[in-house]
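The form predicted alone is given below as one chain in structure tokens.
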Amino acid sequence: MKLPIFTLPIFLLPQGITRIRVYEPRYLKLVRIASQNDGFVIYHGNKTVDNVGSWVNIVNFEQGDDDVLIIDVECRSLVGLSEFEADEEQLSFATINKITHWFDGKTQQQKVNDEIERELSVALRAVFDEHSVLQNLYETKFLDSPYWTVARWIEILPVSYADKRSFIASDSYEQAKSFVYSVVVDKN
């Protein structure tokens, strides 16, 4: 399947949501295409690093006070990208292949089962309580789900793309959890 590409320095894992301001004509075209088809891909744009992106669906849109289109998107899956091409308006497209991630197939009913997961959940709840934009993006929060919680931390932590990228392998959940804990809770 070939999808349009939105080049942004945003890292989203499955079920992650973000808000994007759209004003360039090529990306307004992308929104039209994505709304009528199977969404689009958020891609960091550095083909020398990797060709991994977040396949997203538009879940909400509105016109901002400055008449800029604002869309909220939710990640369906991580995807590998190949066969890049651009149209006459310089909107990029690529063929996608779904990548298995440690969050795939996990349910929100899975509960925290150790002290690290509990502490990360409590800390993320505090972040949501302090930031109304983040609070409003997620109508439903699964703060008792360790996989959901760790995925949201990976997305919002101010660490490099390379650090975030290291946690997309299907067997990297425990490393992701330890990394997040070392940044968020463990100050030693």
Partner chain sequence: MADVQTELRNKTVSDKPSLMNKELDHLQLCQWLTAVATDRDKQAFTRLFQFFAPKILRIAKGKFPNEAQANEVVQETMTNVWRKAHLFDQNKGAVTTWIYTVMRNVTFDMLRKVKSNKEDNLSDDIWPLAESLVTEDEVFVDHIENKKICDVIAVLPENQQQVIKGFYFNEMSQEQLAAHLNVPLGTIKSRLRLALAKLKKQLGESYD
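Just so we're clear, the structure is a prediction, and the values are computed from it rather than from any experiment. Positions refer to the first chain, counted from 1.
Keep in mind that the form predicted together with its partner chain is not shown, yet the notes after this line are about it.
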Subject >> Stretch in contact, per heavy atom within 4.5 angstroms of its partner chain in the predicted bound form, of 140 to 148, 54 to 62, 127 to 135, 30 to 38 >> reply: 127 to 135
Original post:
So, Leu157, Phe167 and Val184: all three within 4.5 Å of its partner chain in the predicted bound form by heavy atoms, or not?
Top reply: yes
**OP:** Answer with yes or no whether Leu8 is in contact with its partner chain in the predicted bound form, where contact means some heavy atom within 4.5 Å.
**Re:** yes
Subject >> Partner contact for Thr18 in the predicted bound form: its partner chain, 4.5 angstroms, heavy atom >> reply: yes
Subject >> Close approach of Ala123 to its partner chain in the predicted bound form, 4.5 Å, heavy atom >> reply: yes
Original post:
Given that the partner is absent here, does Asp163 sit within 4.5 Å of its partner chain in the predicted bound form, heavy atoms only?
Top reply: yes
